[in-house]
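In structure tokens, one chain follows: the form predicted alone.
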């Protein structure tokens, strides 16, 4: 009975905190307390959180080194813009198409490549991301290297906040399910998992599809917030930025991915005032963090529901 009470207290605490964050930010935007600069950085932070959490499902929980996450983001961005700007469908249809297209791309690349391991898989996913970028550069219907401009700004704070919550909830529940335990077993010892009868390739593909789907969702939100998309936006450096967030936060920690995405976004915004040495300071900051915290900011730990239960239930 006491345990059930603590669970309800923790759930209520989570809902209250999330509702407070959403309401405060929405009020600040509506009242004009957040100028355009802060709104842009806030949107970038939320999109980065979605990208980091989704890649962490592949790299952190499944233990597969993927370097093509920006390619899935590009697929989602272009798919959503085609649905909304070119075909005239509502924004929700664009988001759904972005998720479906990116998930399909994840399945297509996942089935043949996830039988590979280590460096071979990294090279294959890197090549996939570059193939997507080059293909988009050579399609005249989407203006090739020039990209698509004049995209309707349909991404708002409610859409960003809802998409972020959806991503985190799906990933957390997937990891804590029986499928998640099988996925984690692949990371811990793939050979032992196969000997126990687990179809490791199927679970790797499952994680890859879900990770790609949410990367596509992030791409759609990005496209409809920043007005313009072009293939060069989704190059290897973008995939590397997302990978840095995952490693910095801690492989196998959703909480760490969220914190690292916030940290990297804020750090990038602060260093914009120093354009000449921005990348040097950025690299030095990451080196210092990794020297003194090589397992990442959170390691493989999470802020769990028990944490909220202890806070709201008054337990020490």
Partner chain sequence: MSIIEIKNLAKSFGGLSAVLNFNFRLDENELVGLIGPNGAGKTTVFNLITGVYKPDQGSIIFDGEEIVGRPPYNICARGIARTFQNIRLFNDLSVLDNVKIAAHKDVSYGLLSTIFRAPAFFRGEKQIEQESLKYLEIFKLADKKDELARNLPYGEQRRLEIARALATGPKLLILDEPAAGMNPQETKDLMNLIEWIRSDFNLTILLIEHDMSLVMGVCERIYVLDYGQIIAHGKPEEIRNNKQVIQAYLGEEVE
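Everything quoted here is computed from the prediction, not taken from an experiment. Residue numbers count along the first chain shown, from 1.
Unshown form predicted in complex with its partner chain; subsequent notes refer to it.
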For this session: Quick one: from 195, 92, 131, 141, grab the residue that has a heavy atom within 4.5 Å of its partner chain in the predicted bound form.
Result: 195
For this session: Select from the listed residues 148, 244, 82, 184 the one whose heavy atoms reach within 4.5 Å of its partner chain in the predicted bound form.
Result: 184
Exercise. Which of 219 to 227, 101 to 109, 186 to 194, 73 to 81 has heavy atoms within 4.5 Å of its partner chain in the predicted bound form?
Worked result: 186 to 194
For this session: May I ask whether 170, 199 and 206 all come within 4.5 angstroms of its partner chain in the predicted bound form, judged by heavy atoms?
Result: yes
For this session: Find out whether any non-hydrogen atom of residue 157 is located within 4.5 angstroms of its partner chain in the predicted bound form, and reply yes or no.
Result: no
For this session: State yes or no: in the predicted bound form, is some non-hydrogen atom of residue 161 no more than 4.5 angstroms from a non-hydrogen atom of its partner chain?
Result: no
Exercise. Is there a heavy atom of residue 176 lying 4.5 Å or less from a heavy atom of its partner chain in the predicted bound form?
Worked result: yes
For this session: Residue by residue through 22 to 54, tell me which have a non-hydrogen atom within 4.5 angstroms of its partner chain in the predicted bound form.
Result: none
